[in-house]
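One chain comes next, on its own, written out as structure tokens in the form predicted on its own.
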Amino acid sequence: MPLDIDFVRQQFEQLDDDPQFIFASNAGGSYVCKQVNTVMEHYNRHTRVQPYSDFPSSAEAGAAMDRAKQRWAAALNIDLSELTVGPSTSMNTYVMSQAIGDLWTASDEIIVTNQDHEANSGAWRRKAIEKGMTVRQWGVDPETGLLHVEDLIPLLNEKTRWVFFTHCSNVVGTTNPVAQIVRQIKANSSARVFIDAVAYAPHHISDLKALGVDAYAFSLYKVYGPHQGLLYINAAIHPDLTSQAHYFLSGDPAKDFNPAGPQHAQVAACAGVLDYFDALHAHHFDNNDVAEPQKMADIHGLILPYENQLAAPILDFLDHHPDVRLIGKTTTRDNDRAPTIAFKPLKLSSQSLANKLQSAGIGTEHGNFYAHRLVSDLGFDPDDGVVRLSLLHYNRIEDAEKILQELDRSLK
């Protein structure tokens, strides 16, 4: 069954604010589905108290938070003890750099990339430098921005403790084959693997046990939800990490990697994203009584071809335009190209082109998008950066057509 775009758009009330406006900056933060707003409003109106006491509003508040955490653990196919809900992925990776890096020594090595958002690069680099370690960089192809696994293998050795890379770059937009890469890493070293999935999760919620990763992080405010970050840490490695909680809370997996404590209403509202996915699945499939990971796979199969339709003509136009340098893969044929499309105009600044598109009612942006190393290493001024058009499955085919018209006009 094809995606029912009218049903999808009914779930996002912000789309009604200006029907002519095209929101093409989704990679910086998506619109919020109405199911999240429902949970958040109810919590703030009726249960905004310290949770987990025995009086009714407090008990209800705790139950709402537990519902969100239990449902997300099920969706990701992980144990509840392996899930941390923190304020953002940038904060979660910073905290984990302390938890993971505390036991590193000067003889250890880590591998990072220059493709990542700085959240999955800088925190690890700083901790390694502090420890006097060797940092090896798995570098991108300087023409395309893509990572090639054959360039990673020679960097691995008996000293490699962790490898950090992204599921999908927020600039390159091409999905890295995580399960395949993890198998290669494990076959050639004893290293553990940490994945930043902030730019991938809006398109697919993954089965983390199937990926074989040791840690995985993404932000729900880019997946139709509240400003929270989800963090998975495999329970098998918890004993090797240093708790970041208050000393008297150490050993509680719900607190070990979230020293600030939970943001109660925001945590509860995380369940609203899965309520949206429930509605989306029930609308398109006869059987809604399936396990959560299968539901996420079904939804991915629904969204992927539609998002390919959105991205394909824009990629084709930019790939063949003489005054543009497109970053990442140029087609959607391999089903690994998110509709997060970054490019460099060659005859005008990125800022001026972004301004032209904005004036035409297209919400786009320019810059380095916190992938400062990547944009610099591709040969661009990181301040002016690149233009990024990032779409999601609530965007219309007409939106892509309007973007093409304005690109053609603005680049002339």
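Here the structure is a predicted model, which is why all the values come from computation and not from measurement. Counting begins at 1, following the sequence as shown.
Just so you know, the form predicted in complex with a small molecule exists too; it's not on screen, but the next bit is about it.
Annotated contact segment (heavy atom within 4.5 Å of the small molecule in the predicted bound form): 81 to 89, selected among 81 to 89, 309 to 317, 127 to 135, 269 to 277. Residue 170 belongs to the set of residues with a heavy atom inside 4.5 Å of the small molecule in the predicted bound form. Using a 4.5 Å cutoff between non-hydrogen atoms, residue 221 counts as a contact of the small molecule in the predicted bound form. Contact annotation: residue 119 falls within 4.5 Å of the small molecule in the predicted bound form, judged by heavy atom distances.
Using a 4.5 angstroms threshold between heavy atoms, residue 198 counts as touching the small molecule in the predicted bound form.
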